[in-house]
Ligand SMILES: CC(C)(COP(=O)(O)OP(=O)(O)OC[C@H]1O[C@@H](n2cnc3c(N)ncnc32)[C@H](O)[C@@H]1OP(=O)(O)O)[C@@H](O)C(=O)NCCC(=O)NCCS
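Take a look at this single chain in structure tokens; it is the form predicted alone.
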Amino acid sequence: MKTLLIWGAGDQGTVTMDCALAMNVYSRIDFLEIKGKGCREIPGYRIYQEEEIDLDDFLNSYDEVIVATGDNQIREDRITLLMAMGISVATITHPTAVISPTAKIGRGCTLFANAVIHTNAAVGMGCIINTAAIIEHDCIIEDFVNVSPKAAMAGHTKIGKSTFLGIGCTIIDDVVVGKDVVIGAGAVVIQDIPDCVVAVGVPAKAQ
């Protein structure tokens, strides 16, 4: 069995831990707090501080590292650093997630319970695919996207880099959502959304 470091000791870190435990492939799991993000109590687990360690030696002491924060930019920065250092970046997949054998999943993703990644879908690097999210056939999710619980994408949709999809939002087929977009909770997206906007409502409109 392998050792895992979860880089991030907040809420995202704890749910990532549960997902990793369900995989039953890690003999030890530790946490590294992201400087400036704070941490929560995680009984029974060791939490290290970034400013108190030699990062190179420390990271290399684990078989795999997963970055666990909902902040897309911080997640990108830490994963980029890990890859530059040659550290093995984990992909954490809950055993109840349903992933088509034709789907492609990038490094550093976390796929939570009951998520569905369907036929020919592609999920980029460092994405969070949350509980019961649905990514239908032929969808493209670019790098460092955060998909909230029960968000649903119909076939052939495309989600740009570093976008956040709010809880329970729905995106119809063939829609393109730009990069650095926030789609609000419960929004229904029926047309393309440009880069760098917040879109809310039914139907969703850029603010």
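Source: prediction; values computed, not measured. One rule holds for the numbers: they count along the sequence shown, beginning at 1.
A second form of this protein, the form predicted together with the named molecule, is not displayed here; the remarks below concern that form.
Student: Residue-level contact is defined here as any heavy atom of the residue lying within 4.5 Å of the named molecule in the predicted bound form; does V25 satisfy this criterion?
Tutor: V25 lies outside the contact set for the named molecule.
Student: Within a 4.5 Å heavy atom cut-off, is V200 in contact with the named molecule in the predicted bound form?
Tutor: Although the named molecule is absent here, V200 would touch it in the predicted bound form, with heavy atoms inside 4.5 Å.
Student: Would F31 count as touching the named molecule in the predicted bound form under a 4.5 Å heavy atom rule?
Tutor: Contact with the named molecule, no.
Student: Is it the case that N130, even though its partner is missing from this view, gets within 4.5 Å of the named molecule in the predicted bound form, heavy atoms only?
Tutor: Yes, N130 sits close enough to the named molecule in the predicted bound form that at least one of its heavy atoms falls within 4.5 Å.
Student: Just one of 47 to 55, 145 to 153, 171 to 179, 34 to 42 has heavy atoms within 4.5 Å of the named molecule in the predicted bound form; which?
Tutor: Of the options given, it is 145 to 153.
Student: State the residue from C196, L21, A185, I190 whose non-hydrogen atoms include one within 4.5 Å of the named molecule in the predicted bound form.
Tutor: In short, A185.
Student: Even though the chain is shown alone, can you say which residues of 148 to 180 have a heavy atom within 4.5 Å of the named molecule in the predicted bound form?
Tutor: Residues within 4.5 Å: S148, P149, F164, G166, I167.
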